[in-house]
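Given as structure tokens, the chain that follows is alone and in the form predicted on its own.
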Amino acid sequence: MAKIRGAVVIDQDRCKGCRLCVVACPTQTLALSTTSVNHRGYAFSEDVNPDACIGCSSCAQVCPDGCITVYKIREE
């Protein structure tokens, strides 16, 4: 049986660092950047644990700016 995992793509230039996606993620896949900021001066969300993503799309649903896209990848 194939396993489904997720892949998160974040538009870091549009992210304002509100942390809603970090809180909504059940697998702690996302976190705010601690080393850099985007061109608007915000610490942006980044995918820090990509192997943990289950593709639930909770992060994308709560993002007020629509910065997150979640893809489901089928692994054989």
Partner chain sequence: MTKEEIIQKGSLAYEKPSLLNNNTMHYCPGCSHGVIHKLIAEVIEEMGMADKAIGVSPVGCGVFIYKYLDIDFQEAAHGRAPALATGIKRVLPDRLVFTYQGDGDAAGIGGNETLHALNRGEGITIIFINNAIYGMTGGQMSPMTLMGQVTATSPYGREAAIHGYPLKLAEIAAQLEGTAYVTRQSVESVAAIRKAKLALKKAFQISMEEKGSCLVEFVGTCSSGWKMTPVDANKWMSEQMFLYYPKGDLKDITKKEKS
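Residue numbers count along the first chain shown, from 1. The shown structure was predicted, so the numbers you read here are calculated from the model rather than taken from an experiment.
Keep in mind that the form predicted in complex with the partner chain is missing from the display, and what follows is about it.
- Although the partner is absent here, residue 18 lies within 4.5 Å of the partner chain in the model of the complex, judged by heavy atoms.
- Proximity of residue 2 to the partner chain in the model of the complex: non-hydrogen atoms within 4.5 Å are absent; the residue sits far from the partner.
- Taking non-hydrogen atoms only, residue 52 never approaches the partner chain to within 4.5 angstroms in the model of the complex.
- Taking the partner chain as positioned in the model of the complex, the residues of 39 to 74 that bring a heavy atom within 4.5 Å of it are, in sequence order, 40, 42, 47, 55, 57, 58, 60, 61, 62, 63, 64, 65, 66, 68, 69, 70, 71, 72, 73.
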